[in-house]
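The data below hold one chain only, encoded as structure tokens and taken in the form predicted alone.
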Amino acid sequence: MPLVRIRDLHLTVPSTAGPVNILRGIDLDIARGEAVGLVGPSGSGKTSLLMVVAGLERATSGSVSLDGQEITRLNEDALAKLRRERVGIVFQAFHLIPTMTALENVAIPLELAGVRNADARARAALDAVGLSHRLTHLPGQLSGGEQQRVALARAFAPEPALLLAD
């Protein structure tokens, strides 16, 4: 069974000029451990597809299954739980909390999820991205690349089944 299974996925959004068909009949299987890159021009729907797979955007029709669980009909609470427990996301905009250190930005989602060794896991994740020397720095004190690595560490520290990076 694939980790991600997408079948006949459609996403249409309203606009003042009429409906815009962003995704049209997408079928995709992603195996556990497989790395997949989506390429295409700006505006082709790459981010929209990631947002639907993450449960942050509702598909117009079709299905998305994560690890055998159909997610397109889950309510918001169930989707939030799914993301917390099984999906890591790195957004284009990193969404780091500006008043928290790099370590705190990585540790806080772990703490909210009830992970006992949140601080140690956050330190290990930051070390894995080469930022063990920047643990106490605020996002504004980090370069753009360093901020991106903090966001990456935050996404993979909970050891998600699926890591999405936009």
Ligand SMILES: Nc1ncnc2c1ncn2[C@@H]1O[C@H](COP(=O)(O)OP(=O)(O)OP(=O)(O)O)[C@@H](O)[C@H]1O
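The first residue of the shown sequence is 1; numbering continues from there. It should be emphasised that the depicted structure is a prediction, and the values quoted were computed from it without experimental measurement.
Beyond what is shown, the protein has a form predicted together with the ligand; the following relates to that form.
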message: Can you tell me which of 128 to 136, 41 to 49, 107 to 115, 66 to 74 lies within 4.5 Å of the ligand in the predicted bound form, counting heavy atoms only?
response: 41 to 49
message: I'd like to know whether Ile22 contacts the ligand in the predicted bound form, with contact meaning heavy atoms within 4.5 angstroms.
response: yes
- prompt: Heavy atom to heavy atom, is Gly145 within 4.5 Å of the ligand in the predicted bound form?
  reply: no
